[in-house]
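Only one chain is given next, in structure tokens, and it is the form predicted on its own.
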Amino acid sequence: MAFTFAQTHSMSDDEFLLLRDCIYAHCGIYFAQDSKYILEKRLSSRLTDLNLPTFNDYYHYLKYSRNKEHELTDIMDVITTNETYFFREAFQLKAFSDEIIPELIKSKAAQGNRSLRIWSAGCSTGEEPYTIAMLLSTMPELSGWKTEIIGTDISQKVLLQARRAIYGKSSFRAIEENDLQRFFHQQDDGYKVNDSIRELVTIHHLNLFDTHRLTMLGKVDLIFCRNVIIYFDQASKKRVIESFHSALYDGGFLLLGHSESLMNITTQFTLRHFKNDMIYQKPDRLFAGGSL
């Protein structure tokens, strides 16, 4: 029996810098010098698929080929990490469902507004936006409200899975058995999210560096962006967080990953201390202290 092995091409320091800067300009993902071997390993398959002998040839392909935009989109599937699961970071989700959403409901109802828009930025394979939908679906106080959850990601590959909404064992490491039975139905190829949950969620391709597309997204009440900005350098973080600030209504909330913070990035958000977690909020100009 013959075995074939994926070829790994050798990347020079100069080639690394060219490709690193090309990717950075496209989407803000930054590879430090000590990450050269990661980029070399992950992009080698693209050289093999395109029958290109060197990374320098691949750089020219990314810069000058008529298929360059398609290729830049495709390599996002190769260079990004998409580790996620349902009901991730339970303490933050408890703050979301028990404290933040009731506060938003009270504030918006006082304005005669019975709609709620939530953005899952960097939604990966969809576990996060569907988790949000599951939590909101259990709140009777949202009965009669127009609820919209938007999931976006730069990787087309993970978005295909998010739209299929069929998941295996690794996605359920933090889910209760009754929630599995309540929100999913079992199929031969895994568990599929029920239609009543899926209809609350829309999935879209979005590059967080695409200012025009970000504007088209419209205003939202709350943004989940967890374990995404860790892949950005300081300048990219500032750019993306500024976009989030613009997208949020006054008084809206930004939920980052537990290891992420806005320290040295921006002072435009207030850090709110809830019982279950600390959450960033865009100050409401109509109220002092950033509270709704």
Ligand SMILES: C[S@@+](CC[C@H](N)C(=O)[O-])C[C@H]1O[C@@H](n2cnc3c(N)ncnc32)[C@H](O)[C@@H]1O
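Quick note: we count residues from 1 along the sequence shown, nothing fancier. Treat the numbers as computed from the prediction; the structure is a model and nothing was measured.
The same protein has a further form, the form predicted together with this ligand, not shown here; the description that follows concerns it.
**Q** Exactly one stretch in 64-72, 33-41, 261-269, 227-235 has heavy atoms within 4.5 Å of this ligand in the predicted complex; which is it?
**A** It is the stretch 227-235.
**Q** Considering this ligand in the predicted complex, which of Leu47, Cys27, Ile241, Leu254 comes within 4.5 Å of it through any heavy atom?
**A** That would be Cys27.
**Q** Please identify the residue among Ile203, Ile154, Ile132, Val193 with any heavy atom within 4.5 Å of this ligand in the predicted complex.
**A** The option sitting close enough to the partner is Ile154.
**Q** Taking this ligand as it sits in the predicted complex, is Thr81 in contact with it (heavy atom to heavy atom, 4.5 Å or less)?
**A** The answer is yes: Thr81 has a heavy atom within 4.5 Å of this ligand.
**Q** Within 4.5 Å, heavy atoms only: does Asn207 come near this ligand in the predicted complex?
**A** Although this ligand is absent here, Asn207 would touch it in the predicted complex, with heavy atoms inside 4.5 Å.
**Q** Is Lys108 close enough to this ligand in the predicted complex to count, meaning some heavy atom within 4.5 Å?
**A** Heavy-atom contact with this ligand at 4.5 Å: absent for Lys108.
**Q** Is Arg198 one of the residues lying within 4.5 Å of this ligand in the predicted complex, judged by heavy atom distances?
**A** Although this ligand is absent here, Arg198 would stay clear of it in the predicted complex, with no heavy atoms inside 4.5 Å.
**Q** Listed by sequence position, which residues of 88-107 have a non-hydrogen atom within 4.5 angstroms of this ligand in the predicted complex?
**A** Only Arg88 sits within 4.5 Å of the partner.
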